[in-house]
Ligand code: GRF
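To begin, one chain is listed below as structure tokens, in the form predicted on its own.
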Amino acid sequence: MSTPHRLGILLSGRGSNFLAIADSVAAGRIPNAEIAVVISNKADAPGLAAARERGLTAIAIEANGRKRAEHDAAIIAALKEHHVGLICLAGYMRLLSPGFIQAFPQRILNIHPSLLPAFPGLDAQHQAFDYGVKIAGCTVHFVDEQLDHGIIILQRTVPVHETDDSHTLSARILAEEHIAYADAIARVLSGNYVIEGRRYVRKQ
């Protein structure tokens, strides 16, 4: 078997998408992959504790008043030290600097709880519910210099029921996120795709 693809996870909170990724790696749903390091900008992030419980390398790199580019440089160095090939943002609540994105071109993924380009930014599920959409969902995309803007890899949809509130809708979207992220990571690691303009196209 070839050398496993090394994933780097960035998170700021509980890391539910990180745990779903870890479970998918363990179950072989993301073939030939391993989580090389989990990094958080918050030392008390529950996701770091969860990573350590699983025996994974987990480190905190706090901003401590540093400028974004300086903080990002420290994270880039840690990712390179652990030979990370693909970075997965899993509830990482800081915008990445252009220098960070340029250090890993088309190698940073994010998941967003809406059907982009609709409802970018914070509280996307609440935005969708308040807008009155009948179909919501989630999007996995490459990260570029603009917020929730990069090339879309895949999306999963969730119907909005008449009995929903923003919390029940958010919970159902989160369940789809856990499926979508693993699927998207596996697709990217396979290399079986091309980028045509803004379109991600799987090869036949």
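None of the values given here were measured: they were computed from a predicted structure. Throughout, we count residues from 1 along the sequence that is shown.
Below: the form predicted in complex with this ligand, not depicted.
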Original post:
Taking S40, G85 and R107 as the candidate spot, are all three within 4.5 angstroms of this ligand in the predicted bound form by heavy atoms?
Top reply: no
**OP:** Go through I75, A90, A128, L115 and name the one with a heavy atom inside 4.5 Å of this ligand in the predicted bound form.
**Re:** A90
Subject >> Which of 107 to 115, 75 to 83, 128 to 136, 94 to 102 sits within 4.5 Å of this ligand in the predicted bound form, heavy atom basis >> reply: 107 to 115
Original post:
Do S16 and this ligand share at least one heavy atom pair within 4.5 Å in the predicted bound form?
Top reply: yes
Subject >> Partner contacts for 158 to 182, taking this ligand in the predicted bound form and a 4.5 Å heavy atom cut-off >> reply: L174, E177
